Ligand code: 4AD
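Quick heads-up: it's one chain on its own, the form predicted on its own, in structure tokens.
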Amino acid sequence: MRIKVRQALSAEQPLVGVTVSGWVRTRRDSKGFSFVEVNDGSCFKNLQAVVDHALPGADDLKDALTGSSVSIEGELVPSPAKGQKWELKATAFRLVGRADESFPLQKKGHTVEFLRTIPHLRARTNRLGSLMRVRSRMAMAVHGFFQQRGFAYVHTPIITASDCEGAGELFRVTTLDPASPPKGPDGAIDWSADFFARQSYLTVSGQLEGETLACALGDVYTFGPTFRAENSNTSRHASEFWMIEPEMAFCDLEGDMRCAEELVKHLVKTALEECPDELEFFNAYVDKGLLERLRFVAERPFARVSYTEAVEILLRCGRTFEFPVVWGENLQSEHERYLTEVHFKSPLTVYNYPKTAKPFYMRQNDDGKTVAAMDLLVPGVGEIVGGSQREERLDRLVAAMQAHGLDLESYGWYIDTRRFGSVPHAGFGLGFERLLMFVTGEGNIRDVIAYPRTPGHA
């Protein structure tokens, strides 16, 4: 019977007739037998197998170098070695796939820059292997959070004809020949000849479609890939990333902020409870203050402050920032980190942003200057959640769309939700990779996704 390393290490009693399969991390040879450390990706720790040189298949031990795959039959017995409860006393050894001396992940330290050059192999390291297990648990925790609260999981389109954010940073989807696209009498490209008979793009957000579904199902969420053709070579931006986007009918800004804060707390608590070995590793080797910060977030209430109050705090702090603090402009990462790490020393929700800095769909406040928007900021990363109460009033929405230069006919389907039984509703987007950066202490988004897509790299 094959068992995973995780099962072996958590066993409550000895086991006989078991098989463990995985990849060799190290092998130490002694007179008459070898110690083989095996990891199968199921957990952070390795299982030590003791292989007698007289066993069937033991002649292949000399080729079982680091990175080789093996399958070892035997008995799980108490280990006399310090620091491990069990070891596998082998009864048969099989070399499944040999890795020679050129295997690039030998037992030594590797920089993250080097590991990014071998994305197809780096999941075998403690660092990315731990990250991927945390990522898996966080994804399941997202679904658990919303399912427990009665949300419907919906799938919004990956290919779309609308730009939710209005920033124009979209990847075009087309079947036209780029060398000789069809053109109209005016010399412009004839998009009616394209596959979808119009210009189409990879989605930047499932929000607009999510709103239409919330106006039928009540509370919904989508969790999938989104794309931005933004030429930003920073540690926080990727061209392909995953977004968690709930939309809630009959909900205002207060309910929106509460849901976002509860979700972040739930995810942090899940990581602490279900990924202790992985977080211990990140705390020891990546970010030495990680566990203390995560426990602080899990136990303490979030701070809240209006955008105007946040600007006043930044202007009074006496610090010189690279980007000047100006009311009416979005806060920069350095401003967000000052607020969370220095001033409040906790996660922070900033609300009521200037309408000039936000998209068309956000509900206008009575002051005529701000909208019912919110961003949730965390120490070490900055913004990981952005959301708002959506503008449910037909006249206000149409006026905002016109002010942003949007084609009302193209968005007729969206406007219909305000024409037919409009309700107050709200939602937000949580960047999954930024959440993972916060939970693991990783400083670069390229290190929290297996195959990062960034400018110039696919």
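Quick note: we count residues from 1 along the sequence shown, nothing fancier. Nothing here was measured: the structure is a model prediction, and the numbers come from that model.
Below, we refer to the form predicted in complex with the named molecule, which is not included among the displayed structures.
Student: Only one of 65-73, 425-433, 42-50, 403-411 has heavy atoms within 4.5 Å of the named molecule in the predicted bound form; I'd like to know which.
Tutor: Correct option: 425-433.
Student: Heavy atoms within 4.5 Å of the named molecule in the predicted bound form: does residue 236 have any?
Tutor: Contact with the named molecule, yes.
Student: Closest heavy atom of residue 449 to the named molecule in the predicted bound form, within 4.5 Å or not?
Tutor: Residue 449: no contact with the named molecule in the predicted bound form.
Student: Hey, in the predicted bound form, is residue 191 touching the named molecule, heavy atoms inside 4.5 Å?
Tutor: No - in the predicted bound form, heavy atoms of residue 191 and the named molecule never come within 4.5 Å of each other.
Student: Any of the heavy atoms of residue 343 lying within 4.5 Å of the named molecule in the predicted bound form?
Tutor: So residue 343 does not count as contacting the named molecule.
Student: Scan 287, 230, 87, 261 and let me know which has any heavy atom within 4.5 Å of the named molecule in the predicted bound form.
Tutor: Looking at 287, 230, 87, 261 one by one, just 230 meets the 4.5 Å heavy-atom criterion.
Student: Of these, 354, 386, 380, 224, which has a heavy atom no more than 4.5 Å from the named molecule in the predicted bound form?
Tutor: Selected option: 386.
Student: Go through 176-208 residue by residue and record those having a heavy atom within 4.5 Å of the named molecule in the predicted bound form; state none if no residue qualifies.
Tutor: Counting only heavy atoms within 4.5 Å of the named molecule in the predicted bound form, the contacting residues of 176-208 are 204, 205, 207.
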